[in-house]
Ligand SMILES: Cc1cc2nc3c(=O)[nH]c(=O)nc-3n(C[C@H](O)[C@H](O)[C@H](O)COP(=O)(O)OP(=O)(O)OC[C@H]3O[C@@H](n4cnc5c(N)ncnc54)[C@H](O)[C@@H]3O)c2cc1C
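Take a look at this single chain, the form predicted alone, given in structure tokens.
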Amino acid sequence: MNSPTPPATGRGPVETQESNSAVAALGAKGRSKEQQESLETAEYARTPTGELPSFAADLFAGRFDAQALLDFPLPTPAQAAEGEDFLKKLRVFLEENLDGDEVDETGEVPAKVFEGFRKLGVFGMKIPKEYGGLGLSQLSYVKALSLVAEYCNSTAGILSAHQSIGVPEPLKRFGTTEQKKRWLPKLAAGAISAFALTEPEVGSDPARLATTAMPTDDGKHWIINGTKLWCSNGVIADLIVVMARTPDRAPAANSASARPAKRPISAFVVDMKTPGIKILHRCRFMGLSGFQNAVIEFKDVKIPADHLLLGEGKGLRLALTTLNTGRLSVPMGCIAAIRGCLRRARGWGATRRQWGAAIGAHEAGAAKIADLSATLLSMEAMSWLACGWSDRGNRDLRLEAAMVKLYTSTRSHACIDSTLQLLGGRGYERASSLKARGEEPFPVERLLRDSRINQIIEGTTEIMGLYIGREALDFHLKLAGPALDPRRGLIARAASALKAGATYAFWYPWQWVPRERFRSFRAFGPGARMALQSARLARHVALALFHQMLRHGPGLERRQLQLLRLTEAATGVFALAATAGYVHALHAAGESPEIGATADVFLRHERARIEGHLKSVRSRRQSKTDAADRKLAAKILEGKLAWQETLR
């Protein structure tokens, strides 16, 4: 049975600019000038994607594309063979040369590791073969990162920062032919790269970027001044991408937007040997001890004009597009950690006895072990699905990349903590200490320290949730946004309102119809029940979002906790859907015995979490609790409860 067709979720350039404009205007009355400027900057930077479909965006519209999951993008035999051959060589090298506990103790990755990586071509895994790289698929690349993370998260982080967000990725996507020929071969041969966006006073709000790049009078060079914070690989980088403010420009005559480029942000490739660059500090963290993260100062750094990437004022779009790809790399360390935890938990749970039985036989221990297996299955499903779609290049993956990053970073940390609890004192003890006294040196405490960063890098958990929430609104903004935009004329707004009302008259009642009951999901095999529940819950998420829009109107953007609950629910639905497709693909290939049992446990747990989030969204009591939290926080910030901070 076909549903009434809402507007396509693919976003063309003009449509994107319209929804950008609408969201920037809505609710402007309640914002400060600084808040409004930040929102306009972020909206203007959202990348037009053409008519590309988005599976996750369809979920927010109450649509479920089962065929996209049945066509799970597993690698071709040729891709799989090439990737497996490389992974075998890489594993042999890692086994002989990389000790994660040693890196954790010394804070340094041995030089022999970098040299070995250069010989294996590791620094050019994603660089096309024509430029000296290995030309691996996104899926093979992230599997290689996950393999490295099994041995050392710091080293995997260095590789990810180099290829996922460093110079190679934006250069491949946006560089000119001459720029690619100049730099990609060097990067493939082992030159290390980095990405410099964050500043001491600027995190996720690019409107406040302070680093500047000013053209020389003759137009042949740029002069960069500023300071960058937390530049991953900054200590050892040869080339970096630097984001900087460039002078205001009038919009181009053929631009899709008439919005002037106020305080535009541009991207530049910078050689770290250029005079005027200084490493001020190497940052040290609670985990990732071998990470080479720096504070970098740029003082009158003069670079050639042709080091500009993509074009003036397009740097933030470049950054956001690059970060989408980077978010697909973050889960690899998460997956590697849970694989290790599951191996250790299985051995410990079967051999360690308490009160006359193995601890894995006790219900409390069994629940932890089962959750590890179910979570690992779902994390692999989401990651492999998104990476496979990335290789095909025929989908808008902004939402999917954010959801995969959000889901894996939070769930993996909880699973590692659960494993530590299962192991007790042996989980809390350092691996080096365990080894010194003759016990298996599994580094759970190091994994816990290392994993915490995943909820911060490439967008914090909160920012990811709000980002997903913003993208989820696009369907409704294209329908209702023009009607609510105060800058439009009355007649134009009325016409838009009639058009939106006609569409909602069909769309809204259709979301109440349990149409998944009349569809067959048998093709999913052991994932059939999971696919059906995904379709059902997608309708519920779409309705919850719509009801919140009706309830709060433009003020919904300030109800961040409600948006976060909605995005958590939607992310869970995507996890269920991806796992249904993954289970089907593995079952069809005759792999993974007992996968049905793991899938069943995951379905039971995830459905309960999703329904819990949706119940909280609907709850008036929860809304009052949120309001009470805001009021109390305001009093604390005013200093009215400062007495709590002193011992009485």
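Residue indices: 1-based, along the sequence shown. Values in this document were obtained by computation on a predicted structure and should not be read as measured data.
One more form of this protein exists, namely the form predicted together with the named molecule; it is left out here, but the text below deals with it.
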Checklist outcome for this item: The one option of A528, A189, I463, A80 with any heavy atom within 4.5 Å of the named molecule in the predicted complex is I463
Next on the checklist: Counting any non-hydrogen atom inside 4.5 Å, which residue from E458, E400, E169, D474 sits next to the named molecule in the predicted complex?
Outcome noted: E458
Checklist entry - Would F524 count as touching the named molecule in the predicted complex under a 4.5 Å heavy atom rule? => result no
Checklist entry - Closest heavy atom of P304 to the named molecule in the predicted complex, within 4.5 Å or not? => result no
Next on the checklist: Taking the named molecule as it sits in the predicted complex, is I165 in contact with it (heavy atom to heavy atom, 4.5 Å or less)?
Outcome noted: yes
Checklist entry - Closest heavy atom of F285 to the named molecule in the predicted complex, within 4.5 Å or not? => result yes
Checklist entry - Non-hydrogen atoms within 4.5 angstroms of the named molecule in the predicted complex: do F195, W230 and Q560 all have one? => result yes
Checklist outcome for this item: Given 448-456, 217-225, 334-342, 103-111, the stretch touching the named molecule in the predicted complex at heavy atoms within 4.5 Å is 448-456
Checklist entry - Quick one: which residues from 284-299 get a non-hydrogen atom within 4.5 Å of the named molecule in the predicted complex? => result F285, F291, N293
